[in-house]
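Just one chain follows, in the form predicted alone, and it is written as structure tokens.
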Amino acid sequence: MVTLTFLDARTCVCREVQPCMGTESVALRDAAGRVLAQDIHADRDYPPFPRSARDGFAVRAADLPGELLVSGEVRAGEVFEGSVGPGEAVEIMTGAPLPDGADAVVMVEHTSRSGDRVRVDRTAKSGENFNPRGIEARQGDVVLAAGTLIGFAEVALLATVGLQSVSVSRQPRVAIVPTGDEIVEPGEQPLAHQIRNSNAASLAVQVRRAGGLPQILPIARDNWASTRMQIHRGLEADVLLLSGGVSAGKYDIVEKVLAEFGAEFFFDRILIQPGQPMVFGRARGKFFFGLPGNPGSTMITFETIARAAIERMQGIGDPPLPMLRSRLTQPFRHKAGLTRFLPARLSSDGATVEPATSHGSGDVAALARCNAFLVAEPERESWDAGDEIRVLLK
């Protein structure tokens, strides 16, 4: 048995899993949520001209304070044909090119105009209220690096540099195999001793959020033939996720069946709660994760450990773990020794967090009510109200 701490388990996954998905070209409108497979270079200087950042007047800073002759106007999309001479100003709009001769822009709020004269009763510094040419990027600069996750700002930048399509990493196919004799599908009426298959549905959502393409396979029953069949099918995908069957029970046979496929196990226990009995390894050239079967354990172990593998495969060099620090609304204690992830409610501004009432990692209702998880450090036992604690965003 190989047992790792939480951080060591993440490090192990990121070390073993390397970018491997190949690339494809997608239209810009379809690029959000994908991972760049190429460096993106600026096609020209940005801005390509000295650009006014304010509505006001383009002036020579040396002429202020004073009264100036307004010799013209320039707005975004136009170029002023003349230049700003001594004692002159040009009315300018936000986004317009700075006229030759001007070295500052005075905000319109700081001026008073009468006819073709404008009075400015304050000084200005050279370079004030405009963006010099090339200050954002120079032609040829890398403005987005390969491995960047594309969001709305990145799409805007891709459009800015003239791209209509972009090379991205192919999305990994992720097979999801729920296990257990007690599980029935969501549309079935369970008997008193049965539960519906919620893990496959929640994992599919988490896989999509990580950039993968989920494929839900039939339930693997707690016998050798059924489990072997579904693992065989699952290893045809790029990644295999199994939920359940990895504890120490008599019918927890997932690891034994994986061993029949020549599996190499990197770890099979992590010092976290929920989710200690978690398996990570490789079989037939494919990575697999054996996640615990309780819904909370499945969600937490995927989000904190397995997700990193799917992101690494797409070229994300350092997969992020979205944590912040917030202040507890009430005292909190736990038994030291494990990193614990507990359902919580984070305030809308992120300033405070309240532990949620939960009856264990099988309490799906509590998981649905929470919007975050407290992260209790393994070396600390207690926190007072007002103390800061780490929070994992849901």
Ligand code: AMP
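All residue numbers refer to positions in the sequence shown, first residue = 1. Worth saying up front: this structure is predicted, and the values here are computed from it rather than measured.
Just so you know, the form predicted together with the ligand exists too; it's not on screen, but the next bit is about it.
Using a 4.5 Å cut-off to the ligand in the predicted bound form, each of T179, D252 and G293 places a heavy atom inside that distance. Interface residue remark: V207 is not counted as part of the site for the ligand in the predicted bound form, having no heavy atom within 4.5 Å. Although the partner is absent here, I195 is a contact residue: one of its heavy atoms lies within 4.5 angstroms of the ligand in the predicted bound form. Contact check for I183: a non-hydrogen atom falls within 4.5 Å of the ligand in the predicted bound form. The closest heavy atom approach of G245 to the ligand in the predicted bound form falls within 4.5 Å. This chain is displayed without the ligand, yet in the predicted bound form the stretch 171 to 179 from 262 to 270, 171 to 179, 86 to 94, 129 to 137 comes within 4.5 Å of it by heavy atoms.
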